[in-house]
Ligand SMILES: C[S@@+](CC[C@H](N)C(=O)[O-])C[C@H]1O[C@@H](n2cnc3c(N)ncnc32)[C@H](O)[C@@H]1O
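Below you will find one chain, with nothing else, as structure tokens; this is the form predicted alone, and questions on how it binds or moves follow later.
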């Protein structure tokens, strides 16, 4: 079995877990290939994990990787439903969100997540969903494309962005990742190659976020987490770009300041926790990672 994804900030996650005096129950909301859960299972003695992932193909990899552990339950579902899932039948002491895209999807998938492939534009984590990247790039109007590039890729609203969108619309139909990459490279041909690639990365990111409704799912997932977590329990969220981090930061602040009588929360880290220089050097995927933690006091 070839493992492609190296989990980020593992030491920092484990150091900041709330350890219960009996069994520590954890929900890993973004199980992926199981790297983070494996680190936890091999480090903490009395622990039970509910591992959730919406992608059944990557869940099969995690199942094989974690097959020697009996204290984990794998659940093929979107984490937005964690508060309704009947399999999650224990008091929950920690909930982990690792919101980055797994290298599995970039390097070992035919769903068109990577612009370095000739796959059909798809980008769905969950194949039962209807919306695909192909539909977005070929059917969205100019205003809709402008919205997702602005909201999900931080593209400015200016004449150059408008010209790019007009250029995309003129080149339809666009069927494959390679197709879209070539069109983007041609539009950005006057930029240095690395700058053009940065823009293309952001374009693919924006389309992927729209396909999978990622920002809305983060909000719903965190709201569910606040409802599920036990007193003294912690919610730990790793983000990789400004949009994700903004959502987590704002929701954490909202829950910290709007405590009701039944539940109170406090921020564990006022400043984000970032990977060490050593980790960034050995795992380039970790460079943009930020960890935020909040605890339910009562």
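Numbering follows the first chain given and starts at 1. Computed from a predicted structure; not experimentally measured.
Just so it is clear, the following notes concern the form predicted in complex with the named molecule, a form of the same protein that is not shown.
Chemist: Is the named molecule in the predicted bound form near all of 29, 101 and 105, within 4.5 Å of a heavy atom of each?
Modeler: Heavy-atom distance to the named molecule in the predicted bound form: all three under 4.5 Å.
Chemist: Closest heavy atom of residue 204 to the named molecule in the predicted bound form, within 4.5 Å or not?
Modeler: Although the named molecule is absent here, residue 204 would stay clear of it in the predicted bound form, with no heavy atoms inside 4.5 Å.
Chemist: Residue 49 versus the named molecule, in the predicted bound form: is there a non-hydrogen atom within 4.5 Å?
Modeler: Close contact is absent here: in the predicted bound form, residue 49 is far from the named molecule, nothing within 4.5 Å, heavy atoms only.
Chemist: Is residue 144 close enough to the named molecule in the predicted bound form to count, meaning some heavy atom within 4.5 Å?
Modeler: Contact with the named molecule, no.
Chemist: Please check if residue 36 has a heavy atom lying within 4.5 Å of any heavy atom of the named molecule in the predicted bound form.
Modeler: Heavy-atom contact with the named molecule at 4.5 Å: present for residue 36.
Chemist: Can you pick the one in 224, 78, 114, 199 that has a heavy atom within 4.5 Å of the named molecule in the predicted bound form?
Modeler: That would be 78.
Chemist: Which pick from 188, 140, 125, 152 sits with a heavy atom within 4.5 Å of the named molecule in the predicted bound form?
Modeler: By the 4.5 Å criterion, the partner-contacting residue is 125.
Chemist: Quick one: find which of 265-273, 52-60, 229-237, 245-253 has residues within 4.5 Å of the named molecule in the predicted bound form by heavy atom distance.
Modeler: Selected stretch: 52-60.
Chemist: Scan 160-177 and note down the residues that get a heavy atom within 4.5 Å of the named molecule in the predicted bound form; none is a fine answer too.
Modeler: Nothing in the stretch sits within 4.5 Å of the partner.
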